[in-house]
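Before any questions on binding or motion, here is one chain by itself as structure tokens, the form predicted alone.
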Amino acid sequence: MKKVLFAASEGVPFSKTGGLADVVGSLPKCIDREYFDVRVCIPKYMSMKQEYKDRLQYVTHFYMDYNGTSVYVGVLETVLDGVHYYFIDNEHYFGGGKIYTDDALFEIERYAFFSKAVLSMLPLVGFQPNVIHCHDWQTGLIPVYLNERFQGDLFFHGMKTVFTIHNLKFQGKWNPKTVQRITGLDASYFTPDKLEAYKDANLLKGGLVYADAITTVSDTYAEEIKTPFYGEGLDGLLRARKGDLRGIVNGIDFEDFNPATDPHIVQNYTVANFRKEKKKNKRALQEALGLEQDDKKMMLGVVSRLTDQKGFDLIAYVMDELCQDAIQLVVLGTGEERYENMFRHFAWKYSDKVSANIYYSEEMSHRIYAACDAFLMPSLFEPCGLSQLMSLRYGTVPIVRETGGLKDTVQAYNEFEHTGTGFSFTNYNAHEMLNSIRYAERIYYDRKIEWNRIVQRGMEQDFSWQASARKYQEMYDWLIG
């Protein structure tokens, strides 16, 4: 039996701020249990729901030398859906009301603590993984610490690490002197070939330098991050490690996101009956949001963080023009104030056409995926993206920019070959995006049979975790040898 430990800063259903949590919560369930014992280690946040806190069992506690003092580390555990979870407990570091704080130095201190605690707890819980699978900068020091102080211990001998980049933009950076003091690492680690990057200590870089294998969450993003535009200052290192870097596209939980059984939506439907049943969800959403009730009106959905990365500057630029079209637009999400206010303004100006829902709700997101005809996702960059996979699953045609995972998962419609699952545009340009939306409108209004075939092809795609899990298993086998 091969053993794998996932280490991450969040994982559903215990803690979630974004797509990382979905990966950490969904992927281990899909790894073949006949050959792999996969366990997960995440922090025990105070903000975790009580029902999950009540499931936790005490395993052990110990004191660890850290940041010049002796620090308490508690270890709890539970089993959920057949997956064994460990939780690192320390109230000073994980006792706040939110998962992440706005204090960048404290974030580095608490996740460096977490990285060291993960390795320190392993002999005490009696789990000796062949591979530790680290996710994003918060676990970047695990491969570093494994190299620096744990590898000499027989228990850790031959242990391998995988580092997965979910979003290269977030790196965990601070001045080297402070990070050296906090982590206790030798000064030799803070050089340009190791943790130092542009005069900062960089935790993500540590993971990239010392991990045995590097993955990211789509093939195209794996190529893009080797270029200066997408590389966030680390493109040279990623080019140097290209032989160890691979892209494996994320999946979605096909049980949670299933229009045939989804309890959040008004009318369940399948690929066999969506032509008749899907529009009942549109009707219900139009009524709930006070939009003009019209089955035939094309409804565009957006479920997203409202940030520059997600392409909202493009939408803002052509919003007035878009609102002249025969469409409705439903937006769900929070983010930068200017975009929140922009959508509020247009919802006031075109109240029968635009609905601005400036909050987040899992239930509402499912209702939007089920109700809309098309889904807009014009990202500047997108390592993988999950919303386009959910919209395909619900027969809501994605309109995306050809970047990262969006390029890998949405096949552009070709009217001559009658192929494709969505619409896409290449350049980061507002009117190119608007042209794609208007092309989609033309097919929707003038060639309904064609549109329904696009929907059908999208719903027939398999972006379940099973497909991705097989690729991760191949990589673990390759690493373990």
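Given the structure is predicted, the values throughout are model-derived calculations rather than measurements. Sequential numbering from 1, following the sequence displayed.
We do not show the form predicted together with a small molecule, though everything after this point is about it.
- Ok, 175, 334, 341, 293: which has a heavy atom sitting within 4.5 Å of the small molecule in the predicted bound form? Checked against the cut-off, the match is 334.
- Exactly one of 360, 72, 127, 155 has a non-hydrogen atom within 4.5 Å of the small molecule in the predicted bound form; which residue is it? In short, 360.
- Item | Listed range touching the small molecule, judged in the predicted bound form by heavy atoms within 4.5 Å, from 261 to 269, 177 to 185, 195 to 203, 377 to 385 | Careful reading of the contacts points to 377 to 385.
- Query: Is residue 411 close enough to touch the small molecule in the predicted bound form, meaning at least one heavy atom pair within 4.5 Å?
  - Reply: No, no contact at 4.5 Å.
- Item | Interface membership of residue 275, the small molecule in the predicted bound form, 4.5 Å heavy atom rule | Heavy-atom contact with the small molecule at 4.5 Å: absent for residue 275.
- Message: I'd like to know whether residue 309 contacts the small molecule in the predicted bound form, with contact meaning heavy atoms within 4.5 angstroms.
- Response: Contact with the small molecule, yes.
- Message: Taking any heavy atom pair closer than or equal to 4.5 Å as contact, tell me whether residue 390 reaches the small molecule in the predicted bound form.
- Response: Within the cut-off, so yes.
- Every residue of 255, 458 and 461 near the small molecule in the predicted bound form, heavy atom within 4.5 Å: None of them does, since no heavy atom lies within 4.5 Å of the partner.
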